[in-house]
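Take a look at this single chain, the form predicted on its own, given in structure tokens.
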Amino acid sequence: MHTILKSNTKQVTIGIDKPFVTIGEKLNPTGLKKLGKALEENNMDYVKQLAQRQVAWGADVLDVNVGHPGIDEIEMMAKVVEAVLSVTDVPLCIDSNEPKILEAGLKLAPGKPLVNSVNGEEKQLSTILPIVKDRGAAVIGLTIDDDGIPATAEKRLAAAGIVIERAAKIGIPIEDIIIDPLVMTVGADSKAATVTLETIRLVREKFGVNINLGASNVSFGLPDRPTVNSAFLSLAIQAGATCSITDPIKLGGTIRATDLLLGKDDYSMRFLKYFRATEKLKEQEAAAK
């Protein structure tokens, strides 16, 4: 099953038989004080730099989130989308659970964007899914139900089923639904990663849909987070995950190496091309400091 995202000039195909798709996470002020300050100051030059850098390091899609206190998020979403589109041509993932903010981004995002996200809670289903349908977008469905985040893989599978069923009822094709099995920190629960991996297996087995991860959540609160994130992401790709909202700069090499080892890179060409390009980027960024 393929989920196709489009900008004006590029198409990205997400599928189990395709290379893993990286959705750049850095246009999100959560935990990024410098971006939050830039949004407060209407500093779109910094937004453009973040967008360009992520694409240069291999992001196939860019996630755009403007959730930050003290700003008009509807107005800011439009400004950020316009800024990103002025310097990049990759498809966009409009990231908010507030309908009016989503609409502001989707109105300007060209082609076929992705929406992040909806979940199995009734309020979310009834407000977000119609926006996705009207725009003809694809959507990430979180495995959350009315009781919150389920503790077991089986209950997360059930939550995924609720999202898929409701989306189908209003005419959203199943190939336009990407399920997020939720990644929790292993620092708080040593079984958290295994629950996510089992959810991936169950969702793929029952529904066959594409699967997204917020991979870096797994290491929250731990030292040496990049090592933990890298190991988990490789396991998740092996289990059947097909895309991730993540840091292309820190995890791009891991993603391409994993694709290579899983036979998705004929003659190692993607891996070699990525290695050469990023070596040049490292040199350029070091010289610019």
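Worth saying up front: this structure is predicted, and the values here are computed from it rather than measured. In case it trips you up, residue 1 is the first one in the sequence shown, and so on.
What comes next is about the form predicted in complex with a further copy of the same chain, which does not appear here.
Inset, instruction - Only one of Asn42, Gln238, Thr30, Gln52 comes within 4.5 Å of a further copy of the same chain in the predicted complex by heavy atoms, so just point that one out. - result: None of the other options qualify; the answer is Gln238.
Inset, instruction - Identify which of Ala137, Ile144, Leu108, Val186 has a heavy atom within 4.5 Å of a further copy of the same chain in the predicted complex; exactly one of them does. - result: Exactly one residue meets the criterion: Val186.
Legend entry - a further copy of the same chain contact in the predicted complex: Gly70, any heavy atom under 4.5 Å: Outside the cut-off, so no.
Inset, instruction - May I ask you to check whether Thr13 falls inside a 4.5 Å heavy atom distance of a further copy of the same chain in the predicted complex? - result: Result no; Thr13 lies far from a further copy of the same chain in the predicted complex.
Legend entry - in the predicted complex, Gly253 touching a further copy of the same chain (heavy atom, 4.5 Å): Although a further copy of the same chain is absent here, Gly253 would touch it in the predicted complex, with heavy atoms inside 4.5 Å.
Inset, instruction - Using a 4.5 Å heavy atom cut-off, state whether Ser126 contacts a further copy of the same chain in the predicted complex. - result: Taking the distances in the predicted complex, the answer for Ser126 is no, it never comes within 4.5 Å of a further copy of the same chain.
Inset, instruction - Tell me the stretch among 167 to 175, 189 to 197, 76 to 84, 147 to 155 that has any heavy atom within 4.5 angstroms of a further copy of the same chain in the predicted complex. - result: That would be stretch 189 to 197.
Legend entry - Partner contacts in the predicted complex for 134 to 167 (non-hydrogen atom within 4.5 angstroms of a further copy of the same chain): None of them.
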